[in-house]
Structure formats: structure tokens, C-alpha cells
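Below, in C-alpha cells: the form predicted on its own, a single chain.
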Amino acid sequence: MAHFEKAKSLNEWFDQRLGVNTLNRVLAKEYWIPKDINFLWAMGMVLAITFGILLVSGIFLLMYYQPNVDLAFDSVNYTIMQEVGYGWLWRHVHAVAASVVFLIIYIHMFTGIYYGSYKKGRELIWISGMLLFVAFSAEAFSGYMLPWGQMSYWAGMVITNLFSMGSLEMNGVVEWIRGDYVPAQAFLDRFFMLHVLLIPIVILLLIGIHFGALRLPHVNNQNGEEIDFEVEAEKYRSGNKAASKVIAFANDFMAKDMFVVAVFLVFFFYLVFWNFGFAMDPVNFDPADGLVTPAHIYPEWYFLWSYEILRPFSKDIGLIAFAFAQVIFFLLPFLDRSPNAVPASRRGLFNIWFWVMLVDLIVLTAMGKLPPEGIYSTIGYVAALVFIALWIALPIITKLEKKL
């Protein structure tokens, strides 16, 4: 049995048994962050806070939600919204957070692309981040099913139909996922379980992996400068903080993070109280009806870009293009053949590639919400082709890039 001396404080008692001081040192006090960063590096903390808001608000909603096809719609739109004290507030908070979290994810994601934070030993940071994007997407989709409104039902119908694999007509796979020929009670039960239990557990695990992947290669900086973290950390520990190029995660960097979080929360609660409608589709305030197809079926805004890549093509080609869009971002660290881990503004053709990609995704998102007819169909088709062409061109233009 291990020998324990009598603890002189509560902190020492816990440290003897859990090593809390060691954990604090490794994960916070001696976890070094470059000074040369801006507010965009706080998006990770904003994401963590938003996920926490989703968990807390989801727990309150779970107290009154009924996962039954006959009761789900009323439990959300009448019980929670009208009968439970402040139920409307918790639903608005949850709906807005579910939408805003993707805005933060996209900002975080394109910050990483712009500053080359996926290169030079940071590949696992990028891949774990993309796995988090997939997990959040699955969480959002499963949650969208739960109100059991018209758009929930038909979005579930359309998305699960993708698993038939086009001309392969693997309808048995679709029925297996749904648990029935059409979305019904088994379908709702499965997505309820995924939303409230399995996927949140996966997200928590991936957050741990993502944070752990940052520990050794450290956080990137605005100029892509190679920093000797051991040397700079020694300056910091010796008291020469002004000359050191790094700061401690706690409490130096955390103080900056919390300021950005505070600004974000002002924006967030403005949306909750005055502009919550954008996060709740009007069509979804009609009960699910498998006999009445909505005039125009579309997903939430954060899926529109990939939906528009699927839509302009024939069934099989569209599925291939859609699968390409889902996978290709994972391969970014390996498709970018440049040796430079510096901001895009210093990388010539890659800078053009980055901004064209960003604009193209915005165009795809805008077109995905509009009916696929006339000029909208043509613009969506061209934007989808541009997206594919950009990724095909990426290894070529980065291979030609000179070392800085």
C-alpha cells in the first residue's frame, strides 16, 4: 500500500490521491500559448461554452419532451413553449445554440486553414477537429428530428434515402436505419437515443482528444513562426514575461478567452431574445405528415453547402460529389504539399484558393436554400463544379509553392 503523509490542506489531500497539482501544471499552468495570436484563437473556448449551453438547455428540455410520434410535436410546441414556466426560453437557447455553434465551428475551421494550423505535426489536431465537425453534424441532424414537425419528417426521409446509394438501390439499408419503411416510432426512438446519449459521449471524447492533440505540437501563431517553447517557457518561469514569446494557458490566455466569450454571449443572448426565428424553420411548426410533401425541402443553413453539391447532378453523380465533399476536408493536411506553415496572405496562389473556396461555400449555402430552378440551378451547378475543381487543383498549386 502506498505511504501517505498527513495532508496539511485540502488541496494537498486531493493532490496525494488524484495528482491535481500535476494535472493543473501539465494542462494549465505549463501549457504554453504563443503571444502572437488574435481573438480567432478563442473560438475553441467559445465552442466549449456553447456546447455546455447545449447540454444544460437540453437537460431542461428533456424533462418535458415526449419521444413518441403522437406526443412529440405537442410536447415541444405546447407543453414546453406554453405551459412550462420559461420553457420557451430554454427552447430558444437550445435552438439558437445549435445553430450558432456551427457558425463558430466554420470560423474556427477556416482560421485553421488560413493560418496553416493543420501542417507540420499538427495533422491530428485537424483530423480530430474534423471528426468533431462530423459528430456535431450528426448531433444537429438527430436533434432536428425530435420536434417531429413537417420539415423534421421530410428532412429525415430525404437524408436517410441517401443510404440507398443511388442506382445500387440498397433500400434494405435505409429500412434498417429507419427501423421501418418510412420514418415512424422506431426512427424517432433511435434518433432520440443518439441525440441525448451516444453522440454527446462521442463529442466529449473527441474534445478530449482534440485538446490532447494540441499538447505536444502546441498552438500555432499568426506568423507561422517556429517557437522554441522550452526556451520561451523558461523565460516566462524566471519572471522575464515581457521577453518571452509565450504565455501560460491559465490564467493569462484564459483571461483573453473569457473576454471574447463575454462578447460572444452578448451576441448570443441578443439572438435568443430578439432574433430566435432564424433557428426555427416555420415549416417545422406544422405536425409531421407523411402524406403531404413540403413545396421545397431543405436542411438547416449549416448543411446547405453540401446539400447544394448533391442537388445539381444526376442521382449517382450527385451522391459521389456529396461523398467527396464530406471526406475531402479530412485530407487537407495531405493534399497541401507546401512546406510553408504561414498565413495564406504570404502563400501566393494558396491565398487566392482560400478566398475563392470561402466565397464558393457562401454561394453554395445561399443557393441551397433556394428552389433548384432557373438561374439558381445554374449558379448552384457552377459553384459545385468550382468546389470540386478547387480541391483537385490544391495539390498542384501548393506543390509549386516556393519555400519561404
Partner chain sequence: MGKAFGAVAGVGAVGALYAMKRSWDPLPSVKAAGFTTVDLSTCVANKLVVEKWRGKPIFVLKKTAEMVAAQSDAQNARDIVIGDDHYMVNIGLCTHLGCIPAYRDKKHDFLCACHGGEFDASGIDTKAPPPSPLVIPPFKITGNTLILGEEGPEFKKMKDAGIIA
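Positions refer to the first chain, counted from 1. This structure is a prediction, so every number in the text was calculated from the model and none was measured.
Just so you know, the form predicted in complex with its partner chain exists too; it's not on screen, but the next bit is about it.
- Interface membership of residue 124, defined by any non-hydrogen atom within 4.5 Å of its partner chain in the predicted bound form, is ruled out.
- Although the partner is absent here, residue 267 lies well away from its partner chain in the predicted bound form, with no heavy atom inside 4.5 Å.
- Using a 4.5 Å cutoff between non-hydrogen atoms, residue 74 does not count as a contact of its partner chain in the predicted bound form.
- Although the partner is absent here, residue 176 sits close enough that one of its heavy atoms falls within 4.5 Å of its partner chain in the predicted bound form.
- Look at 111-119, 153-161, 199-207, 327-335: in the predicted bound form, residues with non-hydrogen atoms within 4.5 angstroms of its partner chain sit in 153-161.
- With the partner omitted here, the residue from 234, 180, 286, 225 that has a non-hydrogen atom within 4.5 angstroms of its partner chain in the predicted bound form is 180.
- Checked against its partner chain in the predicted bound form, the candidates 242, 216, 168, 295 yield a single residue with a heavy atom inside 4.5 Å, and that residue is 295.
- Along 342-376, a single residue, 372, places a heavy atom within 4.5 Å of its partner chain in the predicted bound form.
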